[in-house]
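Same chain, two versions here, written out as structure tokens and called structure 1 and structure 2.
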Structure 1
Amino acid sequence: MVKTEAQSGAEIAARLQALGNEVIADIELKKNPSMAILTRALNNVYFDEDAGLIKLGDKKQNRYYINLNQAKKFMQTLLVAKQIKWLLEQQKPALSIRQLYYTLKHSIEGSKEETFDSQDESDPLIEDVEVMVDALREELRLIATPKGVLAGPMVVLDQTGDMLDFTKMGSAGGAVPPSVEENTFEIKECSADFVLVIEKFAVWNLLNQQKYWKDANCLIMTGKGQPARAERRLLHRMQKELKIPIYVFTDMDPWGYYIYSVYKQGSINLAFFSEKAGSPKANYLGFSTSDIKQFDIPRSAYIKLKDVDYKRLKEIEAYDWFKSPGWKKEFAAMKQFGYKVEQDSLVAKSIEFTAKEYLPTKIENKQFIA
């Protein structure tokens, strides 16, 4: 459903205007004003095997004005849509989603009510508007705070007009900006042979200090745990534009496995975003149960699985995108093993082990879980 080409602000503003016109038409016809919104829940999400992506279905729910349980959310949705339309028409600088919340929050005259009580109310409505007008948040001139950093042989033209060389960002690396669209983050040069996505900043930081990206001629990126939208969108662009392999390196636990799947197939909550943020050709590099014996991981690195880990493992086992023979084998092996292992633990072998032995061996032998 998401368009493959960037959309103009005028196009999106026109669709927002059409939404407003529909509400006005309902009022003029003395009908209960309503808006139809695609349901963003597990029961309206499916896995497209051909595309290798989680996608949003076509089930819709109506949000009504004359409804005790929906009236406030109905009005809040219109407030969010109105402010976005103004940003687009005035061509104002992009706001953070928190700034949008503060822009819209105020007391309603003649009552004790606030337009919004917390940002937890406004954030989901932004996603509703994205779905209703078939546009990405970034196209609505709204941004979330990114977490990612990267390093490696890539030169980018930033929206400020500066050329950014990611081989010269020092020990901190280069930040993934809030917007990584072609008009704000134009990839000018890249000679990397592959992209390595690392779950944890500590592991990324060690590899950056060792200049692993230089020795392996690759890009290294981390989303510092569960990635934000910008990291996912940038990885998608790298897959599409650079056409080089993508390897994802996480902890050996259900949470790490799911982080990999978010980069690869997308997420349930943001299924409408997957077509512009998923990287279905990404490979799971590890850490995996077979690594324990192969690399002689010390017993001190084992962390016993808890009930919450087994529960999460059962949940992801049920997802269609984890039904391959490779993942079934991995899940069975983890249950039998009874432990999880964090990627940080590889330093117990030696500080250089991850960069000098583990990663080169896994990549050379193509030891991936598919």
Structure 2
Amino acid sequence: MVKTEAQSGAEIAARLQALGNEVIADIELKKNPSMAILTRALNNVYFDEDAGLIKLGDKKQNRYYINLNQAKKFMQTLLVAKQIKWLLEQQKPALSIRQLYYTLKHSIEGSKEETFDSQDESDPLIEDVEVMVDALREELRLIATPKGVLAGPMVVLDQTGDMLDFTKMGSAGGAVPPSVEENTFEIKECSADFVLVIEKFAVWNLLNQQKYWKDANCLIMTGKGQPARAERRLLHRMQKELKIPIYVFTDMDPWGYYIYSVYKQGSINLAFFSEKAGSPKANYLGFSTSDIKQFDIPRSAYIKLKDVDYKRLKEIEAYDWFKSPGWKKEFAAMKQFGYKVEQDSLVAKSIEFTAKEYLPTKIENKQFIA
């Protein structure tokens, strides 16, 4: 069962407490204390076709206290869990995972041993705790640096108490905050007809200057390339709560396609995050090989595919979530064409072309790759 409703800090703290209680129970029963942890390796990741999401399977590994290879990690896992419980109960501000590491790292009394030698040791344990208590990192008061901005007809009540109107955020747009949960970033109103996710800031910025979001009555968001956690989670909430179409607009190259798939199906590395951050109903709007002829894209916009592009293309072709007929056709067409095209290059047609021609045509005709 995956919770997607906002979970209170107290609920999660109680689950962390239960985790500790189990360890104590093991000790009292004179059993070797252990924790069962979902395996986050590739052999436990699969693509759930019905859900349209990359998911974590149910393989588990036991971590034991009385085990020479696992004793330190066992202790460290409990330290991480304890610290998170403390953050929640004390209602402390949210920390970065580096800051959490610094709060945990210290010499163990009576020894020269440190609790943690480097952040490489604490980061995977945070993920272990996330899956053990089925909570998002942000719900554990741990945040990543967001990158995105957005604009359009949406009003949000922020956890600070500020009411944010994304039609009034100026030329910068509104910044995506690090935590975008129902109880930190509550969507109060939204009259947008769809969400347009744009790979690059420069293209987002052009559309924002042209008030495209006003003309098209939509939200425009960019994650500035590969999105951070917050932009993915926010898009997921938009799909779920706003129930409006999502269109993703990237470069016509393997990296652009992949960015789309991260928004839509999630990623292998963060498979346990995909169910809470994927937006399986997202549509790939473009740029695509069929646009070249349809919009008479000038040759000056073509960029020859290099070895590195072909290599990446081969990699993404192999992903189960890129095996639909539409995508097979797209990959074949790209290889035959031999070029890639960036979304920025549409200005070669005219500076107004993206907003006035390209996007309205593609959206009206529902020309998506599926």
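By rigid core we mean the largest C-alpha set that fits within 1.5 Å across both forms. For numbering, take structure 1's sequence and count from 1. Note that the structure is a prediction, hence the values are computed from the model and not measured.
S.K.: Choose the one of the two that is the form predicted on its own.
M.R.: Only structure 1 matches the form predicted on its own.
S.K.: Please say whether, between the two structures, the C-alpha of residue 36 moves by 2 Å or more once the core is aligned.
M.R.: Superposed on the core, residue 36 moves its C-alpha 2 Å or more between the two structures.
S.K.: After the core is matched up, is the C-alpha of residue 153 off by 2 Å or more between the two structures?
M.R.: Where the cores coincide, residue 153 shows only a C-alpha shift between the two structures that is less than 2 Å.
S.K.: Any chance the CA of residue 122 moves 2 angstroms or more between the two structures, core superposed?
M.R.: Yes, because once the rigid core is superposed, the C-alpha of residue 122 moves 2 Å or more between the two structures.
S.K.: Just grab the Cα shift of residue 131 between the two structures for me, core aligned, in angstrom.
M.R.: With the rigid core fitted, the alpha carbon of residue 131 is displaced 2.6 Å between the two structures.
S.K.: With the two forms matched on the core, what distance in Å separates the two CA positions of residue 113 between the two structures?
M.R.: Spelling it out: core superposed, C-alpha of residue 113 shifted, distance 7.8 Å.
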